[in-house]
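One chain follows as structure tokens, the form predicted on its own.
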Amino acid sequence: MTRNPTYGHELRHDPADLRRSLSGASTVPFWLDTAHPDPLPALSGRTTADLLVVGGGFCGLWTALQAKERDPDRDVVLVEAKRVGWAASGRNGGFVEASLTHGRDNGRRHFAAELDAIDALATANFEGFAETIERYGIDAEYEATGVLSVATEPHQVEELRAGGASVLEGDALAAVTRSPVVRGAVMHREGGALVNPAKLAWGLREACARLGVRMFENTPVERLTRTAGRVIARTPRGAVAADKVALATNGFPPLLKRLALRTVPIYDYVLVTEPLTHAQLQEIGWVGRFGMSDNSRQFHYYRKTADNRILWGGYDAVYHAGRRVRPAYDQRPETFERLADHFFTAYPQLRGLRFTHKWGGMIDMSTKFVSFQGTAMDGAVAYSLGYTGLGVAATRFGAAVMLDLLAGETTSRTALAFPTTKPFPIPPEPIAYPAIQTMRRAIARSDANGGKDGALIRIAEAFGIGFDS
């Protein structure tokens, strides 16, 4: 009996071949490597606003859009440190998941008593996400095609069976994938979709503009102060005096000291291949438009683009000492080689294929794997962060929670403990770096040990601390 190949940290293929497959690949994220909307002006001078939104990624854009939908007369200003959608929102895999809790198991671990209510809100948010795209005519390449959850180790097949869903094996499995790595799979048709994330961000920007949101790019906020009942946001060439402020700055250094230890910036990396022919797709058994994700703690996610390239990302989750976020970290040759090695392990039929794009980006990881919201400055400032790689749809929910909190309203969202429960803090340096590296090694051992968690992971989870790739 032929043993299924598996992924590992050690390379299975000739490093020279892997480097050739990566040679010449653009370091610009695939989604952003196209014509951009015209730049918006930077803020110069002073202005006022009823609501200031800091951050031009998904969370900030959803906040500004929903604020104007709730009150068209509200004067909303959005400022972005660089370009709208340039960071995590424009460089992720484009997976849209209904879940707000990183799956039911994680939700059950932290919010068991509220899980049914959270799931109902998640479904409504997912449906609202799709409805908004359609209503504003946003060309985000939205595809409600679902996600194939695949098992690459024997214990993962048993876990899929234990979940109660119909597990695809044998001929049924070969009808959706012929990867020798995959041992079984479950198709999730509901609650999963794909988008072009950059087009989504740019479409939300256009929708905000149509509703009258005033937006400024290349306008970082340097500090916040409270003066005479208003919040003053200082920028390099001006300031905004606002009645209310919503902070949507993801994993970048927070403007509120109280948030400094609640998340860490973790770098994730992605490859995109040259376009595949129909014959190549048939050879690997992937003719559908669904995305895929494997069930390891160090997991891969992969999907097809509109022109039938394969986007292949995940596995390595890299923390750089000091909670630093730097452009240089967007490139990591050793991780790109490992991803290429895993790709050709999954699809040996495609050896010789070249990668056209390679990039990395920062994820704001929290120890609960879910976002959290709260207020500061006597309720005049709200914040939302900690999405841990699940932000494409969940940011819409987080934005709504921020607006509820700023309005002082009790809603179906704020009535729950879930949105405002703070994750266990991650210690400062010099403790954070060795602690995270130790946890990464424990996760790798768990995958190699049939999914059996060691003492360190079990103890950490007992304190509400989690970590995945």
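These numbers were taken from a predicted model, which means no experiment stands behind them. Heads up: residue numbers just count along the shown sequence, starting at 1.
Not pictured, yet referred to below: the form predicted in complex with a small molecule.
Residue contact with the small molecule in the model of the complex: residue 423 places no heavy atom within 4.5 Å of it. The small molecule is not shown here, and in the model of the complex it never comes within 4.5 Å of any heavy atom of residue 263.
Within this chain, residue 398 is remote from the site of the small molecule in the model of the complex, having no heavy atom within 4.5 Å. Within 4.5 Å of some heavy atom of the small molecule in the model of the complex lies at least one heavy atom of residue 94. Checked against the small molecule in the model of the complex, the candidates 335, 249, 149, 196 yield a single residue with a heavy atom inside 4.5 Å, and that residue is 249. 87 is the sole member of 168, 87, 381, 310 with a non-hydrogen atom lying within 4.5 angstroms of the small molecule in the model of the complex. Only one listed stretch (341 to 349, 202 to 210, 387 to 395, 118 to 126) carries heavy atoms within 4.5 Å of the small molecule in the model of the complex, and that stretch is 387 to 395. Site residues 108, 140 and 290 are none of them in contact with the small molecule in the model of the complex, judged by any heavy atom within 4.5 Å.
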